[in-house]
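The chain below stands alone and is given as structure tokens, in the form predicted alone.
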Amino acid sequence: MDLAGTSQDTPRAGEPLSLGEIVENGLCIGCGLCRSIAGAGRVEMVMTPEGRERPVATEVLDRQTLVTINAVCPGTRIAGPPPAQMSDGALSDTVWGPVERLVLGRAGDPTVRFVGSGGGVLTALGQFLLSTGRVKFVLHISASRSQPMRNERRLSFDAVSMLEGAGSRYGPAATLMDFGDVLDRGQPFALIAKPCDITAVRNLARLDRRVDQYMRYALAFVCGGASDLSKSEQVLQRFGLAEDELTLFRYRGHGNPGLNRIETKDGRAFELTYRQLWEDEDKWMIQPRCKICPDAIGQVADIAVHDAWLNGGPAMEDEPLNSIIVRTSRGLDLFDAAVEAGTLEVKRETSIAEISELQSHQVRKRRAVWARLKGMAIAGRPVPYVTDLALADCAAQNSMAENLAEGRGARDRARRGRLGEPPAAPRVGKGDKQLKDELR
């Protein structure tokens, strides 16, 4: 099989993809920006039977709306960081992208370290931005107040609210479902989100100048993939619980990594270790878009943060610590100010070689994505238009045999429909309707 050239280097020549085509070809990550673009009355986000938040058009969308959605969707267009965001002294690595500073560090506040995931760095930065007046609010994800196993987008205006939203949240999250309303506030803000969410907002910045005017900082966690809600539902099944019994579903935190803890309305509590939660890789339930993600490491963020565990997994409870990748000049200014104020503590400098060991799965994925996309295109599937992310250079670090295996595997899976999804349709269930009403 020749992976050097394909007939489809853009999602589809001439015509934009419909929402259904984006979803059914496995390109959607459920960020919700299409809902914001089209309007809540025309597109709604639904929880599907597979446990994914997906857009459904409630009326036929006009061509211009679809063109705009295709231009911003992180499943159809994925661009790397513009050089103007970096200083002349920044390092640029083929796999890891731009680096202004690379350290192991943590939040200075012991409570933030304990409650947050890893070293609590993102929560601490959000609190610092609010307390210093650099932003008016932070857009991020937290546990749903009514359904704690699920996620909802939150606007935090103070440090207390930021801490309430601390901790990793595994599962679907439509962070950008009302992003137009966020911009309409006309106030400076920060975004803490998945790398693909930040990609979507950077895409929108090319069309809406308010993004660069008001979004002062974009902070990302290095992402291992967004899980389906069904992953969490498996945990409930393990304990014989129903979702409507829950008052708490904490994926991790209260330690590094901390326990997966569940509490019920009748006072019972259940716990799993991080390894117990993720021990069976066949049951990770990662969304299809994540398997072809060219930028799970947050190259378009100002600062990206990841766990400091060898090969991405803890052996046991560990010292609270994050690896902090400062990517832009703006991010470096924020990082230096936070360190000077004591909001962040630096343990030591690290290196590309070390973070490649700590996050070896991210290195493998970066080297695999070029061939996977070629294989999908050869199978006749639409693929995202990817620029400035050095995918071919990453693939060149593989052997020809490795690239052929990745390409053929993706081609075959695409032909069998394993890289796609069923048409988006809402689940039938009282709990899902309740959450939908709450998010409105």
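Position 1 is the first residue in the sequence shown; the rest follow in order. Quantities reported herein were computed from a predicted structural model and do not represent experimental measurements.
FYI, the form predicted in complex with a small molecule isn't displayed, but the following is about it.
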Q.
Since the partner isn't included here, can you check whether the small molecule sits close to all of Gly97, Gln299 and Val363 in the model of the complex (heavy atom within 4.5 Å for each)?
A. no
**Q.** Stretch in contact, per heavy atom within 4.5 angstroms of the small molecule in the model of the complex, of 334-342, 234-242, 205-213, 159-167
**A.** 159-167
Q.
Does any part of Gly224 reach within 4.5 Å of the small molecule in the model of the complex? Heavy atoms only, please.
A. yes
Q: Using the partner position in the model of the complex, report whether Arg252 sits within 4.5 Å of the small molecule, counting heavy atoms only.
A: yes
Q. Is Leu129 close enough to touch the small molecule in the model of the complex, meaning at least one heavy atom pair within 4.5 Å?
A. no
Q) Just to confirm, Gly258 within 4.5 Å of the small molecule in the model of the complex by heavy atoms? A) no
Q) Just one of Ile303, Val369, Ile192, Ile262 has a heavy atom within 4.5 Å of the small molecule in the model of the complex. Which one? A) Ile192
